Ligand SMILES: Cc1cc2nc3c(=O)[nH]c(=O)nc-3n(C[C@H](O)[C@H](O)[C@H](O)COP(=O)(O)OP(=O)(O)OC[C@H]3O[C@@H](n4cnc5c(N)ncnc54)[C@H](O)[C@@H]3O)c2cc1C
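Shown here is one chain on its own, the form predicted alone, set out as C-alpha cells.
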C-alpha cells in the first residue's frame, strides 16, 4: 500500500504566519502539510538555552494556533533526525520547507547532517534565507543595496483558508512537547498576537520617549520598542516591522523613527557577520586577541559574584539581578555588564557570553556573539570602549531609583553615596544607623587599576602586527569596500 504524500513545514526562528517564504512555498505544493516545531533535547541542553526561551517559543506556537482557530501547528519533543526518519516510515515526504537558521554551531552541524540524510533519500529540502542574511556571501559590496530592496518589497498576502485546509493533525502525539513549568515570572511573553500589540504600542505612543530613554536602565523598559524577542524568535519579520513603521503615521520626531529603523538594519548587519563567520561563537574574531584572552583565568568567585549581582558595584549588580529576573536589559547596560565582566574582572569571554545568552529572552546568536566580542574589545576594528560603571550610574540613574529597586540592601543609602556606597563615612553609617545588610562593603576589584590594565593591554594588542592583519581581513569580509558600515 502506497504511503500518503505530505509536505513538512519545519518551524525554527520563524514562528508566525505572515511574510513567511517557507510556508508560502509549502502551500503552493498543494499537499497535506505537517507544521512542526521541534524541541530537540540535545539543542535545548546546550548552555545557551533556558526555560525562559522555551516559554517564549511555547507561547508563540500557541498563538499561531489561536490565530488559525485550530490546533494544527505542533510542538514536538524529539531530535530532528529521529522525527524525519519516523515521517519517512509513515509518509512519502515530497518536500521539507524551512528558513535557514542563523544559529549556534550545534544547529549548523545538525542541519548539515539532515541535508546529507535528505540527499541520500532523494528528499527535497527547500531552505529560504532568513531576512537580510545571505548564506555563502563572499563580500558585502551589494549587501546594503539588496537589504533596502528587500525591506521595501511588498509582502505577499497569506491565504489563511488554504492553511486551514492543508494543515494536518499531529501523527506523533507521543512526542507532544510539554508546557514550561515556570513559576510566575517577569519574562516577556511570546506570540504573534502580543508581538503586534507591542509594536503598535511603541509606534503609536512609546516612540515619543525613545531617544531620551534608550540609554537608561529603568526608563528604557518602556521607552524602547521591546520587539527584540519577537524578532529573535520570528513572531515578526524585520520587513513587517520596517514597513509597519514606514506606513503608520508615527507621532513624535522623525529622529526617533529613523533611529529605530536604523537598528533594524543593524540587526541584519550583525546577523550577516555571524552567518559569514560562525567562529564568532567560539574564538575572538580578531585572532590577534586570542593571546589576550588566554591570559584570563576563570575565577569562579568573581564569575559567581557577577552572575549573582554581588560585585559591590551597584549598577553592575542591579543590571545583573534585573536581567536574571526579567530577561531584559537595554543595549547600553548590556554593553556595560559585558565590559565589567571581560575588562574589569578580566575573565575569559566565552563563559560570560554563553551565560548571558541563557538569560536574554531575545537571545539571537548572530547579534549576541559579535556584540559580546565588540564590547570586550576583541574586534580590532571598533573603538575600544571600557565603560565606567560609576559614571554610567550617575548619568543614567542619577537618583539611584533603578539601583534601589533591584538592590534592596541599598535602600537606606543617601542619594549622594548610592553610586559608590563604599565611600560612606563610617561615622555617618553609625550615626544614621545605615545598614547595607550583607551587600559587599567594597567592589570585588580595584576599579581604577583594573581599568588601566585592560586599557593598556587591549590598546597595545590592537596596535600589534597580528591584530592589524586580522583587522584588514575583517573589514574586507564584513563591510562594503566602498562604504564602511557602522
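These figures come from a predicted structure and were not determined experimentally. Residue numbers count along the first chain shown, from 1.
Just so it is clear, the following notes concern the form predicted together with the named molecule, a form of the same protein that is not shown.
At the 4.5 Å threshold, heavy atoms of residue 329 reach the named molecule in the predicted bound form. Though the partner is left out of this view, residue 266 does reach within 4.5 Å of the named molecule in the predicted bound form, counting heavy atoms only. At least one heavy atom of residue 260 is located within 4.5 Å of the named molecule in the predicted bound form. The closest heavy atom approach of residue 396 to the named molecule in the predicted bound form falls outside 4.5 Å.
Residue in contact with the named molecule in the predicted bound form (any heavy atom within 4.5 Å), chosen from 406, 131, 360, 83: 360. Residue 225 is the only one of 343, 225, 237, 311 with a heavy atom lying within 4.5 Å of the named molecule in the predicted bound form.
In plain terms, the part of the chain that comes close to the named molecule in the predicted bound form, with a heavy atom within 4.5 Å, is 331-339 out of 162-170, 96-104, 331-339, 398-406. For the partner-free chain shown, 367, 368, 371, 372, 375 of 367-404 come within 4.5 angstroms of the named molecule in the predicted bound form, judged by any non-hydrogen atom.
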